[in-house]
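For reference, the chain that follows is the form predicted on its own, supplied as structure tokens.
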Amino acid sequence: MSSIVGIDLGTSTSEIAVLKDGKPFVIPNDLGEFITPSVVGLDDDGRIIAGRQARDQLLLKPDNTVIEVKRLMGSDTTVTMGGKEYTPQQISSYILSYLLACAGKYLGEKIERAVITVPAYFSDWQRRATVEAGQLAGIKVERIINEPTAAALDYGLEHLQECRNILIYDLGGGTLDVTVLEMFEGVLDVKASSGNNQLGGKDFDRRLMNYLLDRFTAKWQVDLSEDKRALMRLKEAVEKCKIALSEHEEYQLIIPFFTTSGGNPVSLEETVSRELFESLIKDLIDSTAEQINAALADAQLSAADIDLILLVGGSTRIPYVRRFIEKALGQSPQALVDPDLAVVRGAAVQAGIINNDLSPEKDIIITDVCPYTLGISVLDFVGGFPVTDAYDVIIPRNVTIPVVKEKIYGTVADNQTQVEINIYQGENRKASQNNFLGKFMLKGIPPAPAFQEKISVSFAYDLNGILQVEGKIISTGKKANLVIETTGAKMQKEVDLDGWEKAPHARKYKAILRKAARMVESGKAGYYAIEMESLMRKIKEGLVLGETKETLDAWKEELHEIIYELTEESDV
């Protein structure tokens, strides 16, 4: 039987591994390196290149080189390379193809199957896009596995008899995951995951880049915001600086002939201290307390219940990250896995399990969870009044997978003969405020009075984190299934609402938000509760994201009108 490889398809770097003699083995690329830059480019002859070769041409050919495409997976955003547009899946497939070619040459066989890791908080669309990238690279993706789960497999394989509650803090180049799991006698039972797909090392780089650019502009009065080559040179220098500051207290950052001012060449020279760098990124790292607390709460554990903290991802090498974790959880994290290679090693372990190279009876078993809440839009009744656009949960977040859940609904109108089933992913009570995944029509409902005909809706969420939806007319047995294209969905960005009260202009909206919250909590909002919660969230998100005063005031006025109407009703 041919080998199944494990692949960590990362934002900044990617790796490939295989199970060899019962142990994960990381396969070197054609340069003998175990870690490959996640970079794709076009060479002088217009041929696709990937890895170190593409990374090396980045400074000279920024328009012919693509980096950090992982954050775009599952979106309708394209990237341009050599004047041609590419989807994120295509770019990712080139990285995969390079890794597979290296592995095939090293192992002496054609690689046709793989396990690919993704952040635990990757959406259904992002997972589907990852599968498509594998297909474009010519392989069958046997399993999509969450990155923290993979890291736990790497650790667990050597600690089969331990019984512990483990928290994995995975901070990579572009994403954050926090996963809580229980380990007992060779079983790894994932309890909960939380994350932020828009936070990672590249955001730390950006903070330092902006600081240095501001100082350089103030000194030389030169605007480099549109100079791609200069920005790439700065990014490369900043990355080196960041890595060096994990070992040293300060770093001398020098970029000779950075640009020209007044016709003369000028260099960028700055001494960057660890203290300065940490001050620039402190709030970003501190914000991850939200994900830690959410994962612990969903796992129904406290910080004191955690026996072991494992750090995964290159960004966890930053000293402040370790200090933050120790303060947040009351104990020091352990350096028991390789931050860069634990995920790909774990993917190789999962590949070995699928290939029957490891036995679940005597080696290791893993369970995982669905990290998002999944449901449909329904007509609900609150206080006897109909409320449209309500979100009804079918699969709650952090349910163990694979899972199949079913709910029964009734028709809402006399002689209704069809129903449109709209599927969403998110935590908001108002359906349209969540991420829309897709819809399908179930036709052929026998005409009958409202509520008499029943419709069952079932959600099946598999081990790859991919959702299948089915609707069935109970009286006839007729079915319809969800069909979703694997590309083109634009996911709404998760917005951290903690600290909204500190946003500029927040004071103007605090009073009405607090009054609305009291009315919802007390039940006085009645059938307006969902609409009020939606408006409250919009205002908070708008404050955090810097929405215009006109838009914020419009939402405030909508909320005020509802409160006024409710107050008038209570006075009658």
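Residue numbers run from 1 along the displayed sequence. In this text, all values refer to a predicted model and were calculated from it rather than measured experimentally.
There is also a form predicted in complex with a small molecule; it is not shown, and the following applies to it.
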Which listed residue (Gly201, Gly471, Gly134, Pro88) meets the criterion of a heavy atom within 4.5 Å of the small molecule in the model of the complex? Gly201
Consider the chain as shown here, without its partner, and state which of Gly74, Gly195, Gly352, Gly313 has a heavy atom within 4.5 Å of the small molecule in the model of the complex. Gly313
Heavy atoms within 4.5 Å of the small molecule in the model of the complex: does Asp286 have any? no
Is it the case that Leu212, even though its partner is missing from this view, gets within 4.5 Å of the small molecule in the model of the complex, heavy atoms only? no
Residue contact check: Gly173 to the small molecule in the model of the complex, 4.5 Å heavy atom: yes
Evaluate Ile309 for contact with the small molecule in the model of the complex, applying a 4.5 angstroms cut-off between non-hydrogen atoms, and reply yes or no. no
For the interface check, one of 212 to 220, 90 to 98, 237 to 245, 413 to 421 should have non-hydrogen atoms within 4.5 Å of the small molecule in the model of the complex; which one? 237 to 245
